[in-house]
Ligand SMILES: Nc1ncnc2c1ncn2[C@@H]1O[C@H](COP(=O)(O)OP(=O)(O)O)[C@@H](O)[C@H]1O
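A single chain, nothing else alongside it, follows as structure tokens in the form predicted on its own.
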Amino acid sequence: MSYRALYRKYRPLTFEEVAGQTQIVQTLKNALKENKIAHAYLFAGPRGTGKTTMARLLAKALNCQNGFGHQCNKCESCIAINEGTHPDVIEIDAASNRGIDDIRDLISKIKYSPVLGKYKVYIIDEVHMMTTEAFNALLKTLEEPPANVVFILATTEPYKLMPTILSRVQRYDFDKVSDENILEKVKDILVKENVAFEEDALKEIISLADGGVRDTLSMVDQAIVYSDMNITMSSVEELFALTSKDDKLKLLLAIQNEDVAKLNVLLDGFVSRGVDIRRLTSDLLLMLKDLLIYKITKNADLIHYIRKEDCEKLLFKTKEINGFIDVLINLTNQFKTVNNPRSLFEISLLKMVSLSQQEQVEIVKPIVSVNKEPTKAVETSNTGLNIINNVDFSSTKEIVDDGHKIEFTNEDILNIMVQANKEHKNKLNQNKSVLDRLLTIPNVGKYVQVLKSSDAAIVSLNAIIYVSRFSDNVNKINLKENQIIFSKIHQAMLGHQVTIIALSFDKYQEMINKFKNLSQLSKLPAPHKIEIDTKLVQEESSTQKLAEELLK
């Protein structure tokens, strides 16, 4: 006999063998017990959660020759349903039989009495794929079928069904099966198949299947073949291109140590092994969630993905962990818009290094205030679309790529860094919503996009240092021609003007290291007035020059 896939070989034969879906099983058993059978059912839920299996089990219970509601799996009717040969249980794949002619053919045969069982059962899978015309043709029959006909519709996308269909069926929503229920089922199957396994390896496979029993068993099938009947964690990681927890821990430790070279080595290794970057991002989020729980509670019983000793190696503060989680959640959303996730992932890792460095800078530097000027909250003006927080953007010129560069030194950067503190940065972050409103103003939107794709790394009262991995952003921020609008944008956010400059990530890292070294030696410069020239002196027009020549 040819090999049968595990999900087919171990498909539940009775309600009691179903993994999860306890409420649905109990409701159907009660309905059968009391002989309260609906004429049409809708089984909705994620793939691989047992919808079609449950439909076949219900069909068996309706037609078992050893008693209504039974599933003996011994009578002619039960055996025929198990083998897919029962003349009265008709399964239709709506993905390939979705047209009005297919439904008319189905309706024409409904009037005939059952051949072998008590009920004719029509199981229509992926019913949301049917055309509108096919649905309309089915409506009347679905509402008033013959007494010995039961429809069972199955779908992963119930929201695509017409309201007129939904109103004519008894709906059951299938949930993703819990990891515990799947693990119990898989372990039982592997014992029967004489396959050795590591429980952690099974848990990893189950997490990949995301609550789907069928997907889990399909992957277990692969793992059995690949690992030669001994499913280990290393074989699962190799087969499905996963990263080990130790590799992910090394990634977080490299961020903690600000070791960008190590990050690149690890990332190159992941890519060469074909690791799924999206899955790696999801795993890092799980690690950080556990780390945050442990940092807050110090209770190792509450963490599941990483060990207590791993948590103790990671010295991040809760604020940093929250920042990392925000970065990775944002990354997860951005994956939907890119074809090559590696670059996006790399930038996010560097941003996490940057967040870690910012925390250290805020700890060691003195909190000072130089040239402090009182600021006041400015109410939003409604007098014009181009006026936000009393700043007029009506004459904004297009952002330029070339022009006069702002000149500043390392000492200027250090001077801003010693004046930076959390209060100023928090105020900037609290007013970021202004950027979204400014996006709609002609020409201003391009300036805003530059700022939104850069990071306000160092924020003092009178100056802000942006950091970007994109040299184009750094160049645009550091051009005097663009400064007037960048300054206006920050005035709209903060209520006062500030000096804005930008650094490349490498330059920023160099200055962070320099700051830390000077801090340890107690040689940081004393804060003083920030004097970086960002104003563009306009050249005199040729007309004005000609007039002056004539007056000589």
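Remember, it's a predicted structure, so these values are computed and weren't measured experimentally. In case it trips you up, residue 1 is the first one in the sequence shown, and so on.
The discussion below concerns the form predicted in complex with this ligand, not included here.
**Student:** Just to confirm the contact call: exactly one of 65-73, 518-526, 46-54, 31-39 touches this ligand in the model of the complex at a 4.5 Å heavy atom cutoff, so which is it?
**Tutor:** Selected range: 46-54.
**Student:** Report the residue, out of L461, L242, A254, V177, that has at least one non-hydrogen atom within 4.5 angstroms of this ligand in the model of the complex.
**Tutor:** Exactly one listed residue reaches within 4.5 Å, namely V177.
**Student:** Which residue, R214, K289, K250, R279, is the contact with this ligand in the model of the complex, using a 4.5 Å heavy atom cutoff?
**Tutor:** It is R214.
**Student:** Given that this ligand is not shown alongside this chain, does D533 nevertheless sit within 4.5 Å of it in the model of the complex, heavy atom to heavy atom?
**Tutor:** No, D533 sits far enough from this ligand in the model of the complex that none of its heavy atoms falls within 4.5 Å.
**Student:** Although this ligand is absent from this view, report whether A19 comes within 4.5 Å of it in the model of the complex, heavy atoms only.
**Tutor:** A19: contacts this ligand in the model of the complex.
**Student:** My question is simply whether R168 lines the interface with this ligand in the model of the complex - judged by any non-hydrogen atom within 4.5 Å.
**Tutor:** It does not: once this ligand is placed as it appears in the model of the complex, R168 has no heavy atom within 4.5 Å of it.
**Student:** Whether K351 contacts this ligand in the model of the complex should be assessed with a 4.5 Å heavy atom distance threshold; does it?
**Tutor:** K351: no contact with this ligand in the model of the complex.
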